[in-house]
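One chain is shown next in C-alpha cells, namely the form predicted on its own.
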C-alpha cells in the first residue's frame, strides 16, 4: 500500500507567503494569481497524485493555514 496525502488550505488564514510551495518537495502546492478576500495570493493543491502526506507544507506555514490528511492507497488488483 502506498502512502498518499490530501491537503486543505484555509484561505482566510493564508497570507500568501508561498512557503508551502517553496518547501513542497513533490511540487503539489502552487501559488495562484487568484486573491483571497483579504487581497492576498492563495496557493492551490495541485498534482494530488504525487502528494505523500509529508506535511512539510503545513509545518512551514507560519499561520497554520494548511491541514494534511494521510491515507493508504490499496494496490491495483491483478
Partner chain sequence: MEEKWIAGTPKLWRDIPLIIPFCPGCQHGTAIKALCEVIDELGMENNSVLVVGVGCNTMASVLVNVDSVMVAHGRPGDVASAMKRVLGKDTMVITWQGDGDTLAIGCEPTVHAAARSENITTFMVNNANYGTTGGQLAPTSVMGQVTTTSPLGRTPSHGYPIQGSEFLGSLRGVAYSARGAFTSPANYQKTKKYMKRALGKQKDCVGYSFVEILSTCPANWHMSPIESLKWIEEEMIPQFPLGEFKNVDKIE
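For clarity, every value in this text was computed on a predicted model and none was experimentally measured. Numbering follows the first chain given and starts at 1.
Missing here is the form predicted in complex with its partner chain; even so, the following discussion is about that form.
Q: Establish, in the predicted bound form, whether 22, 55 and 58 all lie within 4.5 Å of its partner chain, using non-hydrogen atoms for the distance.
A: Every residue of the spot touches its partner chain in the predicted bound form.
Q: Contact between residue 9 and its partner chain in the predicted bound form at 4.5 Å, heavy atoms?
A: Looking in the predicted bound form, residue contacts with its partner chain do not include residue 9, since no heavy atom lies within 4.5 Å.
Q: Any of the heavy atoms of residue 38 lying within 4.5 Å of its partner chain in the predicted bound form?
A: Yes.
Q: Scan 12-26 and write down, in order along the chain, each residue with a heavy atom lying within 4.5 Å of its partner chain in the predicted bound form.
A: 13, 15, 17, 18, 19, 22, 23 sit within 4.5 Å of the partner.
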